[in-house]
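The chain below stands alone and is given as structure tokens, in the form predicted on its own.
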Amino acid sequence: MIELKDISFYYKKNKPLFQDLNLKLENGHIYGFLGKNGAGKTTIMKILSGLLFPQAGNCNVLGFNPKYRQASFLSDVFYVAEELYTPSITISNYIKRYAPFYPNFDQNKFDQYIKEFNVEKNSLLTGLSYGQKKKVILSFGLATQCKLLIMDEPTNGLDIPSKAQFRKILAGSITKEQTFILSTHQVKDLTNLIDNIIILDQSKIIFHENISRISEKMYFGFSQGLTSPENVFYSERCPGGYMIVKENNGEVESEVEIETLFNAVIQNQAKVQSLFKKN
């Protein structure tokens, strides 16, 4: 169980980023954190991993308060930052140095992942491109088999084949005891992975729903025209007509378009929230 309760956090005194923030996450899910730049996505992830400390409120992650950074907590949490630091050692020596901190680390899984990513195991980390480094760190994080794996912009730096490989590896890795959190602006890279959407705006969580309920409540589709624009949460011009989001009034459930959903929530927050309050 992961829970933030009445969290307040600020970088500058008297200028709070969060006030009375509440969030609960369950095991066995892949959560997508979405929001504009500065909405607070990275801050929340750092609070959960014990890299930042809230000024008020309660934080419970896997039965621990992250701010105390106990060894038994840190051995079950892995954070993949957007900006990577890698020491000037080979990948093999990186494993020897850092794997002992994670008691559930699986060497065979790591070897499998970097092989699928086409990374040479004896490479010097500082000699790799950003994308290749990202593959190594993602592979290491998944191989730790931590209960909480947090990834900030995990597909940045990956080429198209590597993004597909990452999706395949991630989908086959998560267990019912684990929680994965992904923060990204590249939502199309991860559409088929994320099963819960969390949207932040102006330092508040304004939307938190699972994909199946979104598909049940909202319809994502194409329309040649906007005959009843008042019933549409969001529309976007495309060749031949419009991509639209509206209430699902008995239509066949559609595939959730996460980028379109985000725009609908941001532009029509009250209307969308009202929809999900209905039984």
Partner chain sequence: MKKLEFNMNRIGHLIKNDIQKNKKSFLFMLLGSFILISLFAFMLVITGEPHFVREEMHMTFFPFILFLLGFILTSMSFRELNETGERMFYLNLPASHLEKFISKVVISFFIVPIILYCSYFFFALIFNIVLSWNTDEAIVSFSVFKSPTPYVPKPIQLLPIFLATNTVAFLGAIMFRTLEFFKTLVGLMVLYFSIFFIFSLAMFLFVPDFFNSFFMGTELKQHPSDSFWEFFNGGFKNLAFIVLFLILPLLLLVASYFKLTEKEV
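Since this is a predicted model, take the numbers as computed values, not measurements. Positions refer to the first chain, counted from 1.
There is also a form predicted together with its partner chain; it is not shown, and the following applies to it.
K.L.:
Within 4.5 angstroms, counting heavy atoms, which one of the listed stretches 215-223, 26-34, 239-247, 61-69 is next to its partner chain in the predicted bound form?
P.N.:
Looking at the other structure, the answer is 61-69.
K.L.:
Which residue, 235, 49, 254, 210, has a heavy atom that falls within 4.5 Å of its partner chain in the predicted bound form?
P.N.:
Looking at 235, 49, 254, 210 one by one, just 49 meets the 4.5 Å heavy-atom criterion.
K.L.:
Would you kindly say which of 203, 145, 75, 191 lies with a heavy atom within 4.5 Å of its partner chain in the predicted bound form?
P.N.:
Of the candidates 203, 145, 75, 191, 75 is the one lying within 4.5 Å of its partner chain in the predicted bound form.
K.L.:
Flag residue 97 as yes or no: does it have a non-hydrogen atom within 4.5 angstroms of any non-hydrogen atom of its partner chain in the predicted bound form?
P.N.:
Within the cut-off, so yes.
K.L.:
For residue 124, is any heavy atom within 4.5 Å of its partner chain in the predicted bound form, or not?
P.N.:
Residue 124 lies outside the contact set for its partner chain.
K.L.:
Against its partner chain in the predicted bound form, would residue 117 count as a contact residue? Criterion: heavy atoms within 4.5 Å.
P.N.:
Output for residue 117 is no: heavy atoms all beyond 4.5 Å of its partner chain.
K.L.:
Given that its partner chain is not shown alongside this chain, does residue 130 nevertheless sit within 4.5 Å of it in the predicted bound form, heavy atom to heavy atom?
P.N.:
Judged by the heavy-atom cut-off of 4.5 Å, residue 130 is well away from its partner chain in the predicted bound form.
K.L.:
Since the partner is left out here, which residues of 79-97 would have a heavy atom within 4.5 Å of its partner chain in the predicted bound form?
P.N.:
Residues within 4.5 Å: 79, 81, 83, 85, 94, 97.
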